[in-house]
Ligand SMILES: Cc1cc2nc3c(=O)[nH]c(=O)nc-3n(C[C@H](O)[C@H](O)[C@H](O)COP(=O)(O)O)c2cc1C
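Presented below, as structure tokens, is a lone chain in the form predicted on its own.
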């Protein structure tokens, strides 16, 4: 079976997106390390997920064997998005930071895939994820500094995504922050340098590896 990765993208900027550019380089390194890698794409900006509504909320509490056609339709997007997660041996999330946290489209996707008794179970000791762990890479572009001594703004995105992914069962997560990139310089060169440094640390190239 071919290895599979899922790329979830949230930036509305498409061709000028820093997070999308960095994500493509992460995908390239994964393909280098796993020839034949099949890539699934879920572009949340191009095709925004449906908001949770009354029909979804009612259908999610009905066992699959008892759902009627209307209930299955209410959960159709959710099932498709969860199926992509179940297929993926690696997950890449590419997103900007909006107002200190995730964009609305990414939050809506999370609401679609984080489903009680489908991707997590509630127990007396807390929520337990039902999905298998897998390497996950989160690329975050922010307009200001959110890490280290230069941080001057809150970061609710990183702990939130860590908690969401852990609830799904995904705990092997690496974050890559693109912070306050200068607008008067060649961003492509700067991003390439930062991404290559991060990749060499977290996803070393196999090209120069000993046989």
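Numbering follows the first chain given and starts at 1. Everything numeric here is computed off the predicted structure, so don't read it as measured data.
Although not depicted, the form predicted together with the named molecule is the subject of the following passage.
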Quick one: 4, 33 and 199 and the named molecule in the predicted complex, is every residue within 4.5 Å by at least one heavy atom? no
Where does the named molecule sit in the predicted complex: which of 95-103, 123-131, 81-89, 68-76, heavy atoms within 4.5 Å? 95-103
Is residue 141 close enough to touch the named molecule in the predicted complex, meaning at least one heavy atom pair within 4.5 Å? yes
Using 4.5 Å between non-hydrogen atoms, is residue 194 touching the named molecule in the predicted complex? no
Does any heavy atom of residue 147 come within 4.5 Å of a heavy atom of the named molecule in the predicted complex? no
Any of the heavy atoms of residue 172 lying within 4.5 Å of the named molecule in the predicted complex? no
Could you list which residues of 1-25 come within 4.5 Å of the named molecule in the predicted complex, counting heavy atoms only? 11, 13, 16, 17, 18, 19, 20
